[in-house]
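One chain is shown next in structure tokens, namely the form predicted on its own.
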């Protein structure tokens, strides 16, 4: 974990910790702090706040392409659903990739100007999320942000840089850990958080998870979208569709159940709306994320204390947006039966907000001295 402070050039939690000490010591000043849990995801950002505000929106930032689009839109920047609706008039940025800011890590394939543009978009995305919290202008903002379990130091530093202009103190924590914390499942459990860019797994055993307790996979919702697109191009080469149409279909119909109703979409063929059956392709694409998840689960179980492996294997929590695939928890359990000798998986409540809810609880529970130790 790490912290930073608003309007400071370097990450420094000493001032933030002292402010927190004063606030926790006085009922009158307690109201001057807004605690925020944020799940800053590749596809979707969610916040849960101590003032009761909860918001979720696509992690998209859009800028008008030219003077005409600027005049039509009447603004310099759009966010979330507005970007999707107006995307033909915008230069669209999805600044997060695999749960981290594009170009912030060790990937040398991202040009410097592109990396800077994504950093700018990420800053504005965080600012938009904080504005959505409706915090009073004179209040302190303390925020816990979920990140992929194995995010590099460079990636975490980039998240801190994106946040420090609008947040007084930040903790970067593992996304699956925040899910587990929010459910008060702190021991004898395995947590899976399926996002768009990554799937993160975390082993809980009554202490803060260490590096060997966590695994990050690049199999997430984006891989599923690519797989579905590939399958449909092979089976229905005559059909025209966009990536957004694939995403919309996935969000409406995703399933791994063999008994579900036919999945029918109306997409154009030579410009004419035509009903297409995409049932088999949808099920195959959704099932494709299960084998790598179970393989990673198996490694985390096998490297755990032998006396506790069975209880760990039978207490798997499934969260994140990808957990909403119909029948996924049962399908993972069945695959574990076949390949790991058994296992039980259950979906968390409120999968969209589970990470943000847990991050909010972490922000409230961390004592001032602990924030200071994280600097």
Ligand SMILES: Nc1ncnc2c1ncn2[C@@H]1O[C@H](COP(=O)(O)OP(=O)(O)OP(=O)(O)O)[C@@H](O)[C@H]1O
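Residue numbers count along the first chain shown, from 1. What you are looking at is a predicted structure, and each value in this text was computed from that prediction instead of being measured.
Only in words, not in the display: the form predicted in complex with the named molecule, which the text now covers.
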item	value
One residue of 89, 254, 155, 288 in contact with the named molecule, assessed in the model of the complex (non-hydrogen atom, 4.5 angstroms)	254
Contact residue in the model of the complex, from 196, 228, 173, 126 (heavy atom within 4.5 Å of the named molecule)	196
In the model of the complex, segment of 126-134, 157-165, 109-117, 246-254 with a heavy atom within 4.5 Å of the named molecule	246-254
Contact test in the model of the complex: residue 321 vs the named molecule, heavy atoms, 4.5 Å	yes
The named molecule contact at residue 325 in the model of the complex, heavy atom, 4.5 Å	yes
4.5 Å heavy atom contact, residue 222 to the named molecule in the model of the complex	yes
In the model of the complex, residue 44 touching the named molecule (heavy atom, 4.5 Å)	yes
